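Quick setup: one chain, the form predicted alone, written in structure tokens, and binding and motion questions come after.
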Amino acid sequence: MIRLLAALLLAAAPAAAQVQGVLLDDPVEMPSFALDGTATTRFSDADLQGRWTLVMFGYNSCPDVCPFTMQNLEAAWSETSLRVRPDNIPQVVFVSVDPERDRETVADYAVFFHPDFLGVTGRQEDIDRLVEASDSFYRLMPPDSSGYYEVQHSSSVLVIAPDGTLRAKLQPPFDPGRTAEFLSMLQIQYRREMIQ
């Protein structure tokens, strides 16, 4: 269903420095949803319209995958901002799949990595719709005797086009420069598609 963007996976590059980018064979429509980060911050399917968006699912107390990917994403986002027009710099959204614990802190979690990053969560049904539509996953594990529980989740970053459709996924670790090139090439391809 998905294919590697082989042009960007250079054989000479070390495995950890490649773009782990995949293009979807067909764009995927995102469902309607409504999430929030603070009392004044909202994020819904309407916010996907008119601009590029990178979405990651995770949870604030994740010990490794989330902070690593968010840091990696910040570097790739910064590099992308040097290569594309200002109106094509993607918005970055961290969606917590653990609203029970993260509702009050998800916004702060996202801005820790960059002041322009948005952190949101919401009703489980809205999260589930978004996760299912993007072929992602998460699972809240059974709590231990203290009540603490882990969350298993996919680590891929969704690349959503200005028409609100999922076009690609990034799988960490990704090299900032090559990822910026992947995203800029994707934008060029999208513009060509829109004028045909």
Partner chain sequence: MRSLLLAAVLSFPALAHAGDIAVTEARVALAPPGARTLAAYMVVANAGAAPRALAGVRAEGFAMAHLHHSMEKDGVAMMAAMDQIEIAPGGSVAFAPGGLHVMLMGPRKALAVGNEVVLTLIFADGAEIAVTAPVERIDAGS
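Positions refer to the first chain, counted from 1. Because the structure is predicted, anything quoted here is derived from the model rather than measured.
What comes next is about the form predicted together with the partner chain, which is not displayed.
Contact annotation: of the candidates Ala34, Val28, Val65, Leu140, the single residue with a non-hydrogen atom within 4.5 angstroms of the partner chain in the predicted complex is Val65. When you look in the predicted complex, the only residue of Gln124, Gln91, Ser81, Gln71 with a non-hydrogen atom within 4.5 Å of the partner chain is Gln71. Although the partner is absent here, Phe113 lies within 4.5 Å of the partner chain in the predicted complex, judged by heavy atoms.
Residue contact check for Tyr109: one or more of its heavy atoms lie within 4.5 Å of the partner chain in the predicted complex. When contacts are judged by a 4.5 Å heavy atom cut-off, Thr41 does not count as touching the partner chain in the predicted complex.
Contact annotation: Asp144 falls within 4.5 Å of the partner chain in the predicted complex, judged by heavy atom distances. Contact with the partner chain in the predicted complex, defined as a heavy atom within 4.5 Å, is made by all three of Thr105, Gln152 and Pro172.
Listed stretches are 41-49, 54-62, 161-169, 125-133; the contact stretch with the partner chain in the predicted complex is 54-62, by a heavy atom cutoff of 4.5 Å.
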